[in-house]
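Quick setup: one chain, the form predicted on its own, written in structure tokens, and binding and motion questions come after.
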Amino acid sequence: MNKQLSVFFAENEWVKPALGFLGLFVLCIVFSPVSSKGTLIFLKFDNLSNVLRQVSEIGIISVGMTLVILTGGIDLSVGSVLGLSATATAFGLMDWRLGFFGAIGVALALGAGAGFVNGAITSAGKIQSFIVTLAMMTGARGFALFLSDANSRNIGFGENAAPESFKIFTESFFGVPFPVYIFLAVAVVAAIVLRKTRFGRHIFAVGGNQTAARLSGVNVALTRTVAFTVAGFLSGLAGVVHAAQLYQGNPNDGVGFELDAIAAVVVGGASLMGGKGSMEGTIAGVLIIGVLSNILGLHGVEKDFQLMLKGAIIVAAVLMQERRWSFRNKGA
């Protein structure tokens, strides 16, 4: 029985973060603040709906981050790209008169373009992705400040303003915010790609052993470039959602989002060394980070402490992975 369980957990790494989320959810119920009416604030529908709405942006980014990390890379620019895309969305709707599809198209193109540059330079220049995306993090933020003249742009509706159709990003269907559907759709498509397509197998191969992948005929440079491009595209999509949620585009938005995305992916069981991880685990990781932030916020814990805690979570998750990897090697 124990052997069967060990095999099951080894073949389904996402189960551990999923169980971790369930355990955390129970703890949040136990330690939930109580309202004046005696109800648990954490379990209120409005609070849980708000959690889902908040994690949707990080979730969309985390899907792209998963692809990058699986190839053995890292993307530190996703927060800045989100800020750039959100800014382009707001100005596209209000000042450039691009309309619904035009503004969103520009935002997505900017995100995909930033990701493509990250992937191309990392692959062709053989430069560590940490350095390349660190430069893009600064460059994308600077471009957003240039486009906006260092100002935020509010999104209004009516004549000579944003179309009413843009409000769809703030609507809820069957009680679930629309951005959550976007996150789930993106995650499901990515999971299918990873499990069922040649490109998905190439992603794992490049992250597992780049040399072996190249000798097997895998185009390593192309695979990595596509992974970074998709990550940039999804950061752009998250930027559109972000602008819609706040009714504005601010070039300074998205700071620290890369930390949340990396934390979600790592907590979800992905290895920063590449070649190991799953989209199901990332979804569980996103929910863990979101629920943890929510319960800390309900208890009035300051944001700076929350950031320190997230950093500690990343380190702890990586240490656990390293110990498990060392134990397996010794067992072998």
Partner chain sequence: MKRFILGTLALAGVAALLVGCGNGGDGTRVIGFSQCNSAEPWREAMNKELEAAAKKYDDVDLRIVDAQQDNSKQVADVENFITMEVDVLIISPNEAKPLTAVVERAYDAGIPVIVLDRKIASDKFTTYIGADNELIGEAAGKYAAEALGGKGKVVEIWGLKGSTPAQERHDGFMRGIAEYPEIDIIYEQDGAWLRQRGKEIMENALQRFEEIDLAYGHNDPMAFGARIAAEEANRAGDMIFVGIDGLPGAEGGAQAVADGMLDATFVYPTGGEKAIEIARDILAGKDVPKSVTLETARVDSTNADQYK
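Positions refer to the first chain, counted from 1. Heads up, when I say rigid core I mean the largest set of C-alphas that superpose within 1.5 Å between the two forms. Here the structure is a predicted model, which is why all the values come from computation and not from measurement.
Here the subject shifts to the form predicted in complex with its partner chain, a form of this protein not shown in this document.
Trainee: Which residue, T170, N209, N219, T138, is the contact with its partner chain in the predicted bound form, using a 4.5 Å heavy atom cutoff?
Mentor: None of the other options qualify; the answer is T170.
Trainee: In the predicted bound form, which of the listed residues (A150, I127, A109, V188) lies with a heavy atom within 4.5 Å of its partner chain?
Mentor: If I apply the 4.5 Å criterion carefully, the residue I get is A150.
Trainee: Although the partner isn't part of this model, could you tell me whether H242 comes within 4.5 Å of its partner chain in the predicted bound form, counting any heavy atom of the residue?
Mentor: Judged by the heavy-atom cut-off of 4.5 Å, H242 is in contact with its partner chain in the predicted bound form.
Trainee: Can any non-hydrogen atom of Q248 be found within 4.5 angstroms of its partner chain in the predicted bound form?
Mentor: Q248 belongs to the contact set for its partner chain.
Trainee: Although its partner chain is absent from this view, report whether F257 comes within 4.5 Å of it in the predicted bound form, heavy atoms only.
Mentor: So F257 counts as contacting its partner chain.
Trainee: Does T197 make contact with its partner chain in the predicted bound form, using a 4.5 Å heavy atom cut-off?
Mentor: Result no; T197 lies far from its partner chain in the predicted bound form.
Trainee: Tell me, please, which stretch of 22-30, 65-73, 279-287, 303-311 lies within 4.5 angstroms of its partner chain in the predicted bound form when heavy atoms are compared?
Mentor: Among the listed stretches, the partner-contacting one is 303-311.
Trainee: Going by heavy atoms, what in 41-61 lies within 4.5 angstroms of its partner chain in the predicted bound form?
Mentor: Heavy-atom contacts within 4.5 Å come from I41, K44, D46, N47, N50, R53, Q54, E57.
Trainee: Quick check on L272: with the core superposed, does its CA move 2 angstroms or more between this form and the one not shown?
Mentor: Moves: no, less than 2 Å.
Trainee: After superposing the rigid core, is the C-alpha displacement of A284 2 Å or more between this form and the one not shown?
Mentor: After core superposition, the displacement of the A284 C-alpha between this form and the one not shown stays below 2 Å, so no.
Trainee: Classify Q54 as shifted (yes) or not shifted (no) between this form and the one not shown, where shifted means its C-alpha moves by 2 Å or more with the rigid core superposed.
Mentor: Shift at Q54: below 2 Å after core fit.
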